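Let's start with one chain on its own, the form predicted alone, as structure tokens.
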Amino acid sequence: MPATLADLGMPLVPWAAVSVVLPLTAALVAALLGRHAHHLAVPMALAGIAVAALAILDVVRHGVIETTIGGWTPPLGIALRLDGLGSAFLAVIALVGAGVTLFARAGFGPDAEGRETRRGYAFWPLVFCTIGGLAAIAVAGDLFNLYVGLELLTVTAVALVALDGKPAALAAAMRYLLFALLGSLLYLLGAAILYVAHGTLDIRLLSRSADPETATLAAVVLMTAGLMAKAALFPLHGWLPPAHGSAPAPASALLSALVVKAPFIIMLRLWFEVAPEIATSVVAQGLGALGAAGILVGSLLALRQHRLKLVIAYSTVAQLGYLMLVFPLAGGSGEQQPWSAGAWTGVVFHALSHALAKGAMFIAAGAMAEAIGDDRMDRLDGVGQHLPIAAFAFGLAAVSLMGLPPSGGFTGKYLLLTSAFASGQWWWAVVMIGGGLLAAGYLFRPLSRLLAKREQPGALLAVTRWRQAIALGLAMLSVLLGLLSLGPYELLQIGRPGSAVEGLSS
């Protein structure tokens, strides 16, 4: 990182705590403001980005930062830890959160007569609580507070899915709730086993005491199953497409971009920081196989969808599968390559770029649905002429999802591919290349319709250019993440676990 960034002389403020408290306070204020709550969107967007930027600067300057709540150190007290991984996710949370809230201002304010609406009153506190829960997971230093963050996400995300109150949305929310509760039960049971066995849930303390014994193995397996249910990782993905397809577009952007990534961050902490020794080769290959199945099944199902939001939702199932490839590929970078921890860093790059691209896609889809009245694929013909900025944003986000250069998606998949070849595990490279071709197939369908000549009767409703530009901004960031990848790469190495370089069970 350039020395100029480290020489700014920033005071050591507990940005980890600020990043959690700020959106939760905004949620309370939004509930009090009622029909005026949408006015919080602009100041909260600016404040969230500023806090994330200052948190990154502090991490660059000071390295991993630990903040104890009330001065009590673990295991008695609670510690928040800000490292490269956590601060990078704080930045993406702030950027996608800003895009979602700014786009939602027009749809979740008072009605035409200035009266408060049920959707508007519920949306803003729920969105700010969701952002607060995501930030808590990015900076939490112990497994119980990660659980608290997960539960906050569950409550608010399920409510966002059900926000429209339609029968399909309510059914999708109920299915989501059942999967999430199952995931919570499994995670909590595993955490309880770890606490009984080791007397602490602090990640740093557990990394020193957790041995590859039966209790630790059982706990990590239970927690992993629970987290997979919450992250919609194959084969526990059944709740995601109807939930993300039924939620309002801004909520779908938040859920698909960020909420499903939070459980995976915990999986990275759990396997690479708490207990890297318990993963055998069979376990790592098995988790990778589930990811490969998710890539193929999600992609094939995306090809069959006739609604734009469902294409994007099944794409999320497929793209989440790449995250699981970190387990067999970690440690396989090869000594001759100029980077270390290629697979671990590549997966994080993929998660960050996917969050930005998927946020852009759902916001663009929301703009298109507002223009034509729904999100049916057969009604998209010629919409690109009416909404050129949204259509361009959709195409740019598709570049990142397909893993084409120079996007952040390309950087992530390139690091994974080189790790696969360097470690001799070529079969994962075949899966990734096949997944990229399938992504091109299911994304070409909406793109070809957007660029087609419109022959259907009926006028399209107007969507302002600045609202379309929000999607374009997020899509451009997903590409810039690849063009300017050196800085994010160096940031992610701050506080990186040793097992990210050496691999699991090495």
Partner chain sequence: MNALLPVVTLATSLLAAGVIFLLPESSKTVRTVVNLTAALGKLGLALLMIIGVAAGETYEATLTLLPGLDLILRVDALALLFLTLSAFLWLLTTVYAISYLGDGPHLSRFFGFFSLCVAATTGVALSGSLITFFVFYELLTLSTWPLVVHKGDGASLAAGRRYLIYTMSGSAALLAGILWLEGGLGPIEFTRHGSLDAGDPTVLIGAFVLMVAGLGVKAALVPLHGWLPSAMVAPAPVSALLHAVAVVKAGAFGIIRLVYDVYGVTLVNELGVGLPLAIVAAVTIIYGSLRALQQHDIKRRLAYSTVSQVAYIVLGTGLFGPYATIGGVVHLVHQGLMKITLFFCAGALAERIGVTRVEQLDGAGRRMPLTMAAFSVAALGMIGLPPLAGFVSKWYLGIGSLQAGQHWVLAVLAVSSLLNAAYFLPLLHRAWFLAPADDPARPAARREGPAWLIGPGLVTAAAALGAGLFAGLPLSPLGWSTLIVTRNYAP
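Predicted model only: the values in this text are computed from it and were never measured. Numbering follows the first chain given and starts at 1.
The following text describes the form predicted together with its partner chain, which does not appear among the structures shown.
**Q** Between L417, L258, A318, V348, only one gets a heavy atom within 4.5 angstroms of its partner chain in the model of the complex; which residue is that?
**A** Looking at the other structure, the residue within range turns out to be L417.
**Q** Which pick from M267, A122, L404, L236 sits with a heavy atom within 4.5 Å of its partner chain in the model of the complex?
**A** Selected residue: L404.
**Q** Does every residue of F421, L447 and G482 put a non-hydrogen atom within 4.5 angstroms of its partner chain in the model of the complex?
**A** Yes, the whole candidate spot contacts its partner chain.
**Q** Of the listed stretches (421-429, 185-193, 156-164, 301-309), which one has a non-hydrogen atom within 4.5 Å of its partner chain in the model of the complex?
**A** Flagged stretch: 421-429.
**Q** May I ask you to check whether Q385 falls inside a 4.5 Å heavy atom distance of its partner chain in the model of the complex?
**A** Residue-level check for Q385: yes, a contact with its partner chain.
**Q** Report whether the minimum heavy atom distance between A218 and its partner chain in the model of the complex is within 4.5 Å.
**A** The answer is no: A218 has no heavy atom within 4.5 Å of its partner chain.
**Q** I'd like to know if F410 sits close to its partner chain in the model of the complex, meaning any non-hydrogen atom pair within 4.5 angstroms.
**A** Yes.
**Q** Using 4.5 Å between non-hydrogen atoms, is V399 touching its partner chain in the model of the complex?
**A** So V399 counts as contacting its partner chain.
**Q** Could you run down 438-454 and flag each residue that has a heavy atom within 4.5 Å of its partner chain in the model of the complex?
**A** Residues within 4.5 Å: A440, F444, L447, S448, L451, A452, K453.
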